[in-house]
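Just one chain follows, in the form predicted alone, and it is written as structure tokens.
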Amino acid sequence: MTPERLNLEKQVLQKEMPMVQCVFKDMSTSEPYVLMPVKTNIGKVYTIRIDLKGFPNQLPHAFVTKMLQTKSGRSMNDASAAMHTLPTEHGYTRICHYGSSSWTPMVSLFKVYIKCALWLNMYELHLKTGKDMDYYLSHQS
């Protein structure tokens, strides 16, 4: 990511989410990422990690910074279309937020954050109802 794009992303995040503390890490390495807290509708706070390797030209990988479990107690560590997850990395649940053919370099980190926040709110509904995430979320190609 160019320094100009990084500054633009930081400006958008600050403008759209002034109360959210975004922490950019390892930006001068080959594995840069950003950590962002998400407070859900029921008040639970999660931290998401968005890997920035190849961003904005490549779809960034997004994670909840812990391994989540389904209502039935199964680890959400693999690809599941019904649960909108992808294979784990870093030992965290990986969120499916954009389809690869839907990705363009014009998509901002803010939009990825919003999709992850939506996913987390739907995850909490899953924990309450037991319904798959597919019940609440549609797929993108």
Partner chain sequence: MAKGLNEIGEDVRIQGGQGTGSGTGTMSELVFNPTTGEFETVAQGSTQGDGMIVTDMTSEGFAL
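This is a predicted model, so every value here is computed, not measured. Residue numbers count along the first chain shown, from 1.
Here the subject shifts to the form predicted together with the partner chain, a form of this protein not shown in this document.
Engineer: Mark H84 yes when one of its heavy atoms lies within 4.5 Å of a heavy atom of the partner chain in the model of the complex, and no otherwise.
Structural biologist: Judged by the heavy-atom cut-off of 4.5 Å, H84 is in contact with the partner chain in the model of the complex.
Engineer: Check whether L68 has any heavy atom within 4.5 Å of a heavy atom of the partner chain in the model of the complex, and answer yes or no.
Structural biologist: Residue-level check for L68: no, no contact with the partner chain.
Engineer: Is there any non-hydrogen atom of Y33 lying within 4.5 Å of the partner chain in the model of the complex?
Structural biologist: No, no contact at 4.5 Å.
Engineer: With the cut-off set at 4.5 Å between non-hydrogen atoms, does T129 touch the partner chain in the model of the complex?
Structural biologist: Answer yes; at least one heavy atom of T129 falls within 4.5 Å of the partner chain in the model of the complex.
Engineer: Even though the partner chain is not shown here, does it sit in the model of the complex so that K10, D26 and T29 each have a heavy atom within 4.5 Å?
Structural biologist: No, none of the three is in contact.
Engineer: Select from 114 to 134 the residues with a non-hydrogen atom within 4.5 Å of the partner chain in the model of the complex and write them out in sequence order.
Structural biologist: I114, K115, A117, L118, W119, N121, M122, E124, L125, K128, T129, K131, D134 sit within 4.5 Å of the partner.
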